[in-house]
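So this first bit is one chain, no partners, the form predicted alone, shown in structure tokens.
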């Protein structure tokens, strides 16, 4: 883990400029007692670049936390709708977005499956980073809002390698394996999953494209 973290720190220093808005968002989130589970800086930059590569205008994020990843997404898109279960987390996220000068984000509070059901605008890019057991249901709703060319990124889908354990009873692993079944069977989705190591340990993400 020390080596992974050191390499991540080197890569961020090599390719990213210091950013007071982003570092401030992490500091305020920590001070407010939010769990330290935001994406790493290089993962945030990856999301930002993927939105730009996709030419995405409307972005959906499921799982706001303190708004760190939201800032990365909003800097690349015209509009971001982000969904957060916890009102306190949403309050911190709004503070962080305002401090970063971000004005193109709508933060919706409540259970994501309920909030998703109210959305009707198509999305060009979706980032799913909430409770893993519900990932299949989240992605089903994203697919309802998608169109050919929509890009979907689902975080934490390797589960420290436990996703390969067919005997696991862990709800997060079961949800992830169900997600893979959904993506593999869907006639209009191409997807792959990449495992990663870094400051967040051993995990990975799934990247999907709607045909």
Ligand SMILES: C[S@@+](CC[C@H](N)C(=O)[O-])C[C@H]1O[C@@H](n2cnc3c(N)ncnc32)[C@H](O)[C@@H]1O
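Remember, predicted model here, so these are calculated numbers, not experimental data. Residue numbers count along the first chain shown, from 1.
Although it is not shown, the form predicted together with this ligand is what the next lines describe.
Exactly one of the stretches 143-151, 37-45, 173-181, 157-165 approaches this ligand in the model of the complex with heavy atoms within 4.5 Å, and it is 37-45. Looking at residue 75, you'd find every heavy atom of it more than 4.5 angstroms from this ligand in the model of the complex. The closest heavy atom approach of residue 119 to this ligand in the model of the complex falls outside 4.5 Å. Within 4.5 Å of any heavy atom of this ligand in the model of the complex lies no heavy atom of residue 126. Taking the partner from the other structure, this ligand in the model of the complex has no heavy atom within 4.5 Å of any heavy atom of residue 139. A heavy atom within 4.5 Å of this ligand in the model of the complex is found for one listed residue only; from 130, 100, 107, 92, this is 130. Annotation for 82-99: interface residues with this ligand in the model of the complex are 83, 84, 85, 86, 89 [heavy atom within 4.5 Å].
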